[in-house]
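Below, in structure tokens: the form predicted alone, a single chain.
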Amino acid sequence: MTRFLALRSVYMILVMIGISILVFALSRMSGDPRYLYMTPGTRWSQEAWDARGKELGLDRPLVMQYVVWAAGAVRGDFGDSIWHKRNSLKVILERAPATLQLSGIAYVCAIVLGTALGVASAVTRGSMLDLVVRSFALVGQAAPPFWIALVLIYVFAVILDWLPTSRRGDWTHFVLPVTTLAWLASAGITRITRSALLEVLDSEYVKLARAKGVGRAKIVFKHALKNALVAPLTVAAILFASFITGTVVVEMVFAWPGLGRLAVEATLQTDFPLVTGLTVIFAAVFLLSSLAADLLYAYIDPRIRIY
């Protein structure tokens, strides 16, 4: 396991270096960074232009510019946001709690609901309940999140006038965005849990337990479910990272002041320091979640060992 962790750490560092090179290259391919700091309709003197370039390190070779930028990124210094006029990391940290709160609630709902529906569908295979659960999963995976969000707003906010449509407030403001965000994830977990549990229920040791007269509930929850949860839980480990980085549509539709909306706003404002900071942080979250998924996979199933 120690060797595995060491290798994965090296791979993660190499991947992060590759991502940082790509992000830095894209920021330079858009043109001279000094143009981003110019107010439209104004002109700079040659002395001011050269001074600004020296301040940004543009007088150095491109490789040195990357080294300086990467060294700052490691310390959390991605530069000052062009739009917010202050440190990019501080702007990201201010928006992070809103996304973490929304994603955390949606994540718990998706795991609990998806696992429960998957188990219920598997143990009642071929019944009406199984058909309803599979329909729920099919709609959740087929319908675009923005369409689900708009339908929920139209039904529960416009027609019924039960829930607010936007902004972050009390618990009523969480219902629609959490439902939208959790539906797709719970649908996927439902299908994975159902398939895995059906495979385990058809295995020989489960048939032997039935022949010995073991109760149905004990077979499902003590013998079958633990082995069937290997695949769903490893997917769930990566799911949280996808929630953190995949809330763009939900946050834009519901005007949620989180990282997804911040990424869109920074892109529209051509705020490269903020965009690069968000990209690097999102990549790090995905890599750490992938490592957690591998470790969880080995921990849950004792037949699997990673050396």
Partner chain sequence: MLAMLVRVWRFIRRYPVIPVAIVILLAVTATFAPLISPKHQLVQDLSKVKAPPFWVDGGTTEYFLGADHLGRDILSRIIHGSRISLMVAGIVLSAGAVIGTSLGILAGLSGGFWDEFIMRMVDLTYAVPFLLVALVTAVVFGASLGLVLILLSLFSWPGFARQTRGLTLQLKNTDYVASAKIAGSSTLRISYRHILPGVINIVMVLATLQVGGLILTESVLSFLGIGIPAPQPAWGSMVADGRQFIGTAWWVAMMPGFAIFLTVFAFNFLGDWLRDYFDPRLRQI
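Numbering follows the first chain given and starts at 1. Given the structure is predicted, the values throughout are model-derived calculations rather than measurements.
We do not show the form predicted together with its partner chain, though everything after this point is about it.
Contact check for Ala116: every heavy atom lies farther than 4.5 Å from its partner chain in the predicted complex.
Using a 4.5 angstroms limit between non-hydrogen atoms, Tyr154 touches its partner chain in the predicted complex.
Thr179 falls outside the set of residues with a heavy atom inside 4.5 Å of its partner chain in the predicted complex.
Contact check for Trp69: every heavy atom lies farther than 4.5 Å from its partner chain in the predicted complex. Only one of 87-95, 72-80, 211-219, 154-162 places residue heavy atoms within 4.5 angstroms of its partner chain in the predicted complex, namely 154-162. Against its partner chain in the predicted complex, the set Ile21, Phe174 and Ser289 makes no contact: no member has a heavy atom within 4.5 Å.
Although its partner chain is not shown here, in the predicted complex the stretch 137-161 places heavy atoms of Leu138, Val139, Gln141, Ala142, Ala143, Pro144, Pro145, Phe146, Trp147, Leu150, Val151, Ile153, Tyr154, Val158 within 4.5 Å of it, in sequence order.
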